[in-house]
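Just the one chain here, laid out as C-alpha cells, in the form predicted alone.
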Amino acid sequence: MKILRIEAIPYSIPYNHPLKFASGQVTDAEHVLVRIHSDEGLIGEADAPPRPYTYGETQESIITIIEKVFAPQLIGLDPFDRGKVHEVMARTIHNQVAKGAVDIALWDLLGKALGTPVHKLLGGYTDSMRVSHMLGFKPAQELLDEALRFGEEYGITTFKLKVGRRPLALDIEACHVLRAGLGDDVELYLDANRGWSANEAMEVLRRTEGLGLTALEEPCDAKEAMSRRRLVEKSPIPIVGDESVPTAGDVSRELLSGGSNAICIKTARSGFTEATEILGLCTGLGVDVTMGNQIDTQVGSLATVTFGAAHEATVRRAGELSNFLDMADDLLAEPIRINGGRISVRNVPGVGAAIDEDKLSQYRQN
C-alpha cells in the first residue's frame, strides 16, 4: 500500500457563543480536515484546529505546510513506514498541529487497513473516558448554572475553570461560588492560559486554599523560568504544563527545569505518535498527565478519546472532551454521545470519525 495523495480541506463552523479565555477568544471553528488517500482506496482522516495566538499556526499555514511541503515528500511512501513519515515532517520545525493531524490521519488509515480500532493498536486499556467540561469567562453565578446543567444533562462531575483575569477577585469569587454550589464531590481545577504572573498565581492559590482544587494549568508564561520554578516549589497542587510543552523535548525541558510537575497531552498538536513518547516520558518519571482539548470538534474529541482510553495513565483523570457542545454543528456523521459523564471509543476499524460529506460540502471554504 502506498500514499496516493493528501488533502488539506479548510472549513468553518460557528460556535453558539464566543469562547473567551486569557490568551484570546474564538467565534468560529476555522479548522482543516486532513485526508490521506491510499492507492487501495482507503482514506485516513483527522482534524487540525489552528490556534494562532498559542502556536502561531493558521488555517492557511496548515494547508500550505501539508500540501506544499509534506505531501510532495510523503506521496509514494508505505503508510506503515511511520518512521519515514516522521523523518520527513521533522525536517520542518514547529507546525505541530499540522504534523499532529497528518499523524492521526496516518493511524486512522493503518487501522482501516488492518481492520482494527486504533485505540486497540495504541494499547486498548479501556473503552471510554470520563469527561471534564471547560467553563469559560463568565460571571460566577452563570458559571455555576452552566456546571449544574452539564452535571444534570450529561453526568459530568469534573470541571476545568478558565481563569487568568484581572482583578484576581473575579476568578477567586468564581472558585468559591462553584465549590459552594457544586459540593465537595465535584472535581475543580484551573487553567490560566499564561494570564497571570507567578506571584499573582500564588495569591490566587492562597485565597482559594481549602476549596479542594486539584491542579493549576499554565498559570504564567513558562519563559519566566525563576518565578515559575518558585511557584511549582511552593504550590500545594500540581502545576500543569500545556502551551509550554507541545513536544516531547519541551516536556523534558519543563520537567527537568522544575517549570511543571504535571503535563497536559493534546493529540491535536502531538498526534498519537509523539503523544505516546510524551506519555512514556511522564510515566517513567512518575509525572501525572491530563488529556487536554484544543477547542476540538467532535472529530478531534474522538481522537483524544481514542488515545486516552488506550492507556491506564491517561484515564486516571477526566479528559477535556466536551468543547464540541459549544459548536453550532459538526462534520461527524455519527455524533458523539456523553452518557453517564463518559465518552466511548468507536469499535470500528480506524479512529471511527466518519465524515458527513453533505456537511463538509456545506462548511468547506474552497
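Residue positions are given as counts along the sequence shown, with the first one as 1. Just so it is clear, the model here is predicted, and its values are computed rather than measured.
Keep in mind that the form predicted together with a small molecule is not shown, yet the notes after this line are about it.
Checking 100 to 108, 287 to 295, 143 to 151, 78 to 86 against the small molecule in the predicted complex, the stretch whose residues place heavy atoms within 4.5 Å of it is 287 to 295.
Of the listed positions (200, 254, 242, 274), a single one reaches within 4.5 angstroms of the small molecule by any non-hydrogen atom in the predicted complex, namely 242. Interface residue among 261, 193, 208, 96 relative to the small molecule in the predicted complex, by the heavy atom within 4.5 Å criterion: 193. For residue 311, no non-hydrogen atom is located within 4.5 Å of the small molecule in the predicted complex, even though that partner is not displayed.
Within this chain, residue 134 lines the site of the small molecule in the predicted complex, having a heavy atom no more than 4.5 Å away.
When contacts are judged by a 4.5 Å heavy atom cut-off, residue 162 counts as touching the small molecule in the predicted complex.
Contact annotation: residue 54 falls within 4.5 Å of the small molecule in the predicted complex, judged by heavy atom distances.
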